[in-house]
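Next comes just one chain, in structure tokens: the form predicted alone.
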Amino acid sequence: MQPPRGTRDFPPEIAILRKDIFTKIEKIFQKFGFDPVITPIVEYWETLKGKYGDEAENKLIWRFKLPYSKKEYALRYDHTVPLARFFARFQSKLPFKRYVIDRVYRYEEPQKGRYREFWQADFDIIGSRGSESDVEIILIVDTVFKEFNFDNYKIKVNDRRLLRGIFEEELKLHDNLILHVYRVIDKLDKIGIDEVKKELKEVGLNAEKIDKITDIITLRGNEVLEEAERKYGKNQNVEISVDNLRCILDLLPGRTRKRVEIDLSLVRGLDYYTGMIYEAIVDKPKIGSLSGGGRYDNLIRLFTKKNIPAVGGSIGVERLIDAGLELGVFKLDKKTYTQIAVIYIGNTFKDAWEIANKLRKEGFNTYIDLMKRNFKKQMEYVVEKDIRYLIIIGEKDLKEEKVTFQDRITKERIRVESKKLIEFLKEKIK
């Protein structure tokens, strides 16, 4: 009876919470001028191939062939590469600001906050090279966290050009070393500086280079930019990235700026990032990043042969929900969307049925028992589903052209004329 490992079933109370969260995130995207698009879950393998790096493409992407097709397919790994393909196909007017909240698939080892089928809420801006677009991405992330009343989070920001300028060009770490070095320094928060030094030594670096690397990745805030500029300011990539990061900090509103931290140990794993990168994390629980993304100015060129800049981010909805439940930010206290239950007593089902359908026509989410159960069983179901409002219909009420309204929370109980029921309910249930 279990679904495949790393996938899940969601009962109503969890599905309702998730849907409500998705709706709130979607409204934030729309507030910033983003519009929705939908792309298929399945892409041709050729579309995804060569975009994510060896580890993702050899271990994590779901790839398959059908016995009756010569094509090779893959389940989408993220929403960014499908966006690039989508844009190349439709050549949308620039700037193109889109969002999507949908499933992606990665064949990872399932654990807390990590699944093989999961939802991501992505938002991207295509067409703008300016720092303003980078800032808007960070602002959206901050707005989402504030919407859900998280108060223990920070947004770490770095620039891939700064990493390139320092580690690849100034420290001259060669191609066969650089990816290993990036993977090690990306683990700083998890394993600590001593373990980072140990692993860098195992990679093959000498003590001098290890000291230079660890000296700078342990810096935080403005001192990162000052130290990078002091030591490597003549490097063009360092100069460009430091200027960009300063512009970002300057454009951020004060309340968001307090949440942002420049962090040179932030690397981000995907090969397509070219400029600003970010991750949002909470202090507790230790669940990894809840949002991440950055600038990918070269990705769309793979599909269009044109240099079209792009920047975007992704809200890891699963981790957001898991963290929110653990912190008490989210509650599983809503079991149904039903507003009103129509309860019938005695030989009144047909009349109750007509009233239920009239309520639905007027816009009320209405339940009526279809199993012809007695009053006690109907009420047990109502209590289990936590339906607040009741319209009780008895034979005596019908003779007097009345029904009984009951609020289960306030215990209010009122007999209402049938012809005035809709007007009464519209006043009671705002």
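Quick note: we count residues from 1 along the sequence shown, nothing fancier. Since this is a predicted model, take the numbers as computed values, not measurements.
Not pictured, yet referred to below: the form predicted in complex with another copy of the chain.
Chemist: If you check in the model of the complex, is residue 118 within 4.5 Å of another copy of the chain, heavy atoms only?
Modeler: No, no contact at 4.5 Å.
Chemist: In the model of the complex, does residue 278 have a heavy atom within 4.5 Å of another copy of the chain?
Modeler: Residue 278 lies outside the contact set for another copy of the chain.
Chemist: Does another copy of the chain get within 4.5 angstroms of any non-hydrogen atom of residue 369 in the model of the complex?
Modeler: Contact check for residue 369: yes, within 4.5 Å of another copy of the chain in the model of the complex.
Chemist: Using a 4.5 Å heavy atom cut-off, state whether residue 321 contacts another copy of the chain in the model of the complex.
Modeler: Output for residue 321 is no: heavy atoms all beyond 4.5 Å of another copy of the chain.
Chemist: So which of 349-357, 155-163, 176-184, 202-210 is the stretch with heavy atoms within 4.5 Å of another copy of the chain in the model of the complex?
Modeler: Of the stretches listed, the one contacting the partner is 349-357.
Chemist: Quick one: of 274, 128, 214, 314, which gets a non-hydrogen atom within 4.5 angstroms of another copy of the chain in the model of the complex?
Modeler: Contact residue from the list: 128.
Chemist: What are the residues of 23-41, in order along the chain, with a heavy atom within 4.5 Å of another copy of the chain in the model of the complex?
Modeler: Counting only heavy atoms within 4.5 Å of another copy of the chain in the model of the complex, the contacting residues of 23-41 are 26, 27, 30, 31, 32, 33, 35, 36, 37, 38, 39, 40, 41.
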